[in-house]
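As structure tokens, one chain now follows by itself in the form predicted alone.
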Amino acid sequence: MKVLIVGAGLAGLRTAESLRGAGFAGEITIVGEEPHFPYNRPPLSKDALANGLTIADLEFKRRESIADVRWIFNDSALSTNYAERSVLLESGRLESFDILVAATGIRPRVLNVPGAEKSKFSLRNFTEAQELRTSMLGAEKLVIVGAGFIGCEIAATARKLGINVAVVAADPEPMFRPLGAEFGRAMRERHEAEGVKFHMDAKIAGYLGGDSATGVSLESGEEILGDLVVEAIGSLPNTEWLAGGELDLQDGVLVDSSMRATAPSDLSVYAVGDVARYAFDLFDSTPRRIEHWNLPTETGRRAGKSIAHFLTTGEVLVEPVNFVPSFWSDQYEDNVQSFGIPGIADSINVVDGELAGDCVVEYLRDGKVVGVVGVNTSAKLAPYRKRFQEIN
């Protein structure tokens, strides 16, 4: 019996550990497109840019229980043959499976405007962080396209390095989609106090500088100049290699509570981490693909347990998805932390402090708390995780 895990990130690692922990003794193979064992990605936009961390600083410890796992590095999946239960890799290698786990995560979204196809920077992996750091150390001005968490974290890191920063985004406020306008406005003001210049509600017409991006031109006619440009406009799930089957790949892989893909006639495909889309039973029945730091661990553990249960009993494991999404973001001296799904709220309530300083903000939908966000208030936020599980 062979489990093939495509994706050598945290979700793939946790799936393998969970399989062994649940008693699965068969073969496990993990395929990764990078040359590294699974490593911690959140520091890439912060400490890795500011201080130049090594891959050894970032690698996760691997449990002894998965010492016999077979790893394939520097390779990625091209296509899946469901009838023959095999995955074709970019190297030409064909890997068979009895159970397939998609853990391929996400890739940066690319802005479809003319100019500078080769020289824009993005930040998703360790190599990109190294390349961006090298260029930032010689730069005076940086243009960041996108005002989400990654964009804002890079902006804060760049300011700490003494680089002038301009942020250009189509949204009305930074981090608008996950946190809303009011909280986003307060975070923008924190950045502006550190010298970051924002150009919000801006539509980019193209990149300046030919092959070497030196800024952006806006549809308004304004030009924002810099020494280099970083794109941070969101991400796309890596699902193309799964096409041709019965899987729902509309936005990631639709899975049930056992992390099993909802294909009507096949129980052999699972998905975990950022590529998986599922309903969070604590909040509602709408399947969502949420890219928060704890979910690769939660979904990997659930998938390993579910696979072992199915192989032992022949039955699908049915358990509620009681995961509480959580994330944190360090920007300057401020730590932003969240539990729940603030992005589905229709109103907010500042229950402690004020938006301009340390605070706790509840996010409500139809009067019910569905998320909470705090700045420098970790101890006050901690009880919300248990609260969500108790009241839903």
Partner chain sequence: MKVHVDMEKCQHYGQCVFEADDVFSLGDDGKLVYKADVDDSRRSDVESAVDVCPMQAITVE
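The shown structure was predicted, so the numbers you read here are calculated from the model rather than taken from an experiment. By rigid core we mean the largest C-alpha set that fits within 1.5 Å across both forms. Residue numbers count along the first chain shown, from 1.
Just so it is clear, the following notes concern the form predicted together with the partner chain, a form of the same protein that is not shown.
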Open item on the list: Exactly one residue in W293, F283, W71, F198 has a non-hydrogen atom within 4.5 Å of the partner chain in the model of the complex; which is it?
Closed with: W293
- [ ] Considering only heavy atoms, tell me if E34 and the partner chain come within 4.5 Å of each other in the model of the complex.
- [x] no
Open item on the list: Since only the chain is shown here, I'm wondering whether Y363 would be in contact with the partner chain in the model of the complex (any heavy atom pair within 4.5 Å).
Closed with: no
Task: Touches the partner chain in the model of the complex: K2 (any heavy atom, 4.5 Å) - done: no
Open item on the list: Taking the partner chain as it sits in the model of the complex, is A382 near enough to touch it, meaning that at least one heavy atom pair lies within 4.5 angstroms?
Closed with: yes
TODO: Heavy atoms, 4.5 Å, the partner chain in the model of the complex: which of 22-30, 354-362, 58-66, 341-349 makes the cut? Say which one.
DONE: 58-66
- [ ] Indicate whether the candidate residues R14, S326 and S378 are all in contact with the partner chain in the model of the complex, with contact defined as any heavy atom within 4.5 Å.
- [x] yes
Task: the partner chain in the model of the complex - contacting residues of 291-319, heavy atom within 4.5 Å - done: W293, T297, R301
Open item on the list: Using a rigid core superposition, assess whether Y384 undergoes a CA shift of 2 Å or more between the shown form and the other one.
Closed with: yes
